[in-house]
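Presented as structure tokens, the chain that follows is alone, the form predicted alone.
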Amino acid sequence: MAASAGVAVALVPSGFAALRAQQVPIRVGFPVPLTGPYGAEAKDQVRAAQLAIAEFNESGGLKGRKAELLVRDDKLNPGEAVTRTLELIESYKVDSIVGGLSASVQLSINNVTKERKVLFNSISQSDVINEAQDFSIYTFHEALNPHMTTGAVGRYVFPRFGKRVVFLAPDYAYGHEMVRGFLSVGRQFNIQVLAQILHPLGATDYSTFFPRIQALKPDLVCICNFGRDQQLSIKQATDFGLKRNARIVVPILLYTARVAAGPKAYEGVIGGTSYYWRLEDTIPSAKTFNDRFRKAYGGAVPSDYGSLGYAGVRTVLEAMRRAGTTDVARVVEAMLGLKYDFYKGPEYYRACDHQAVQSVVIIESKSKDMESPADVFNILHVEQPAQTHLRSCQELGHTA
């Protein structure tokens, strides 16, 4: 009798521990700049990420464990991002981090996560995060990177619209990397760089740059900024009349900025994007994703950067489900084995740097023949996924 009682007592805590483990949610930390010039994009990322969480939970979670999203405002500040990331890891014991909407901020997040051995899936453009000096086995990059984006845009515009080019870019990592990418692809087409002009992040007045740009008589003006900076600079360039003699090109043509600034300001601007909702016309997964987003958010469609919030979270949760655990080593292995089509066509992570190999969509802003207020771009071309569009593993400093 005593032995039987002993067995019974031993089984109680074991069963309780298993039940408790099942009840503890999978926590995904999500630091993004809810305040500041990228706030509109960040808020759309949160909406799409919450959709990925809901889908995971509705489909049963991980052996009954549900997931939750812990959103934090990094204020577009690397120091704030470090503080919020440490809080998420140390105080809230998150199982992974997804987020970052600035090159410098995502690198700060990555420094924390690789030191703490927490998986981080970045959803903002950066070239450096793929390089060996910043990379770790815990680092994944769901977003496009500047080399991929500018390569696709450059291959489209330089043969078609001229080779005399002026660059206008913000004076921080994002702007520098975008200009570098355009210069790299531009060498293939013998472009002539007339000027590289830098402006502060968060500038509101760009008018002082335009007389100089106009005097140089460029064929192309590559405006390499983001968010509200892009919206204001393009609007002011249009008002100045810069489009009369030059084509405005951007590496990333933002849906949120285009909607905010209106059709006149952006008319004829060409750029690249990771996603545009009209991909649903040809890609079934895009239609499924858009319909779920519409249902959840009153008929709205997801933006380009919003969709990255969805993909960044969904890939991590899918890897956990396939691994059957939240153990980071096994989740990393499962991430590298993913061949997925969640919203835009086929993707996979390259082994050496964990970069998502994916398509780049070339779009042009339009001001007429719009079927709805959201119908703001024409899709000009889709460059299909290919590792040849990435910098080589050796160039990034990876030996294997």
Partner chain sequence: MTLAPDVLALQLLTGLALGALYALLAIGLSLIFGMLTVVNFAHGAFFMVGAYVGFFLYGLTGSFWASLVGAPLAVGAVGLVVERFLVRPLYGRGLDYPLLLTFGLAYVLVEIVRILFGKQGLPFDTPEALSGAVDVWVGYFPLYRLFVIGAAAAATLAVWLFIDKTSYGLIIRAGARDPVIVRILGIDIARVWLAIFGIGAALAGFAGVLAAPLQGVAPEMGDTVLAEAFVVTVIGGMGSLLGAVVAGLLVGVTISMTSLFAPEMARVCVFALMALVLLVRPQGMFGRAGLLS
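These figures come from a predicted structure and were not determined experimentally. Positions refer to the first chain, counted from 1.
The following text describes the form predicted in complex with its partner chain, which does not appear among the structures shown.
At a distance threshold of 4.5 angstroms between non-hydrogen atoms, Q188 is out of contact with its partner chain in the predicted complex. F209 belongs to the set of residues with a heavy atom inside 4.5 Å of its partner chain in the predicted complex. Contact annotation: I89 falls outside 4.5 Å of its partner chain in the predicted complex, judged by heavy atom distances.
Contact annotation for R278: none of its heavy atoms lies within 4.5 Å of its partner chain in the predicted complex.
Against its partner chain in the predicted complex, the set T204, Q214 and R244 is in full contact: each member has a heavy atom within 4.5 Å. Heavy atoms within 4.5 Å of its partner chain in the predicted complex are found in one stretch of 247-255, 234-242, 120-128, 318-326, which is 234-242. Though its partner chain is absent from this view, in the predicted complex it lies within 4.5 Å of a heavy atom of just one residue from K43, K66, R350, K366, which is K43. The contact with its partner chain in the predicted complex, taken as any heavy atom within 4.5 Å, belongs to K264 out of K93, R160, K295, K264. Residues L34, T35, G36, G39, A40 are the members of 24-40 with a non-hydrogen atom no more than 4.5 angstroms from its partner chain in the predicted complex.
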